[in-house]
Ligand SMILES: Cc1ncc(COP(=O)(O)O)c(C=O)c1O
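Just one chain follows, in the form predicted on its own, and it is written as structure tokens.
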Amino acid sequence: MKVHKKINNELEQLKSESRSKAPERIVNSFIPAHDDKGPRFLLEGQGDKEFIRMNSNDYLGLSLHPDLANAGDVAAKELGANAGGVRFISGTTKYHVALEKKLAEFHKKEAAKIFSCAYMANLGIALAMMNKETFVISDQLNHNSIARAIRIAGVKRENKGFYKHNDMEELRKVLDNMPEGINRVIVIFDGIFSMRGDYAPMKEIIALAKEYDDMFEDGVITIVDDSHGTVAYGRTGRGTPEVTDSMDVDIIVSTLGKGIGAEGGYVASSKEIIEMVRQKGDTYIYTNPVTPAGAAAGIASLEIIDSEEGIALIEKARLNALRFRKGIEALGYDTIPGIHPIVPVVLRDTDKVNKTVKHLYDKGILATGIIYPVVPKGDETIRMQLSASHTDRDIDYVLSVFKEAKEMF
């Protein structure tokens, strides 16, 4: 096709700007944890070489839990490999309804709706809640899905406001300078900022929203996307709302595909808002839901999370992150302060990031480099993601390889 020439030129430009993504590594199988070793993964083309996965969102290791696989197997055999249609036609099963009820209870909200993924959930809540009279305020470091959702919802440029990352004085300034004719304000932010591992000051954000609430016909509504926070931290795994004592946030968007270890995304809020999502959230209405097996796995995971086993896994993830953070700082690496299992190793140089990631890979460690334009120049980072499935031996080995890299580069 004629267009291929132009596409190839664009692809070459991405490569020349160091913006091209490397080919995906294909995971063929895994070796379960045994003795003092956590799970190991086997990759396509790498024979029997074992890899420690340090770039997974599976913060509690639940995706490999036999209870989730067994629950999914039962549901698939009972209701088939997929839902067979969108929810309002024929695609709602008892597993979807039960999962939504459990998610609402988990977050102490009245209701919840599941989506095919959290990206679709952010688009769905934006389509349901934003209109021409809505002013939307975002943290400057919000996830791409939030920025995309605001655009797709048709919010006018003059009805968008931004504040510097976690800067509450800037948020107040935006609230103080609303244009005329605004009847609804939405403040939307990530709970955990996935490239940094730090979290939003939710208590202060919600306090400001309440302070300005009476100034607008529909009030000031707070939305947190806690996809990286849910289950990953907080004493009981309720994520950033629990860590910041902010369970009264109006709307929670999150995922089943990270810490929960299953599939899909969801929104949890009041009954009225969730019904509006059901009526107007196009990415809910016109897409198939997760499979019955995926929904059943989500239910099984939430049951584990709320058990003694789950509390122990959350604590293990916390201790593993602390062990790695202390170790990497002792080696003289820069990082960003935090308590989340995301621990960024900030190298501030693209070449060093690439060489260090390759050295880790050569030593059997999967890690992800984050470079410009994903982060600003000078903030180039290797994002390390700790899990409850890692052992002390795993972490100490990874630290020893970082020590080698520091001496080499």
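One rule holds for the numbers: they count along the sequence shown, beginning at 1. For clarity, every value in this text was computed on a predicted model and none was experimentally measured.
Omitted from view is the form predicted together with this ligand, to which the following refers.
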| item | value |
| --- | --- |
| One residue of 159, 244, 145, 301 in contact with this ligand, assessed in the model of the complex (non-hydrogen atom, 4.5 angstroms) | 145 |
| The unique member of 95, 324, 119, 163 whose heavy atoms fall within 4.5 Å of this ligand in the model of the complex | 119 |
| Candidate stretches 86 to 94, 170 to 178, 186 to 194, 315 to 323 - the one whose heavy atoms come within 4.5 Å of this ligand in the model of the complex | 186 to 194 |
| All of 227, 255 and 264 within 4.5 Å of this ligand in the model of the complex, heavy atom check | yes |
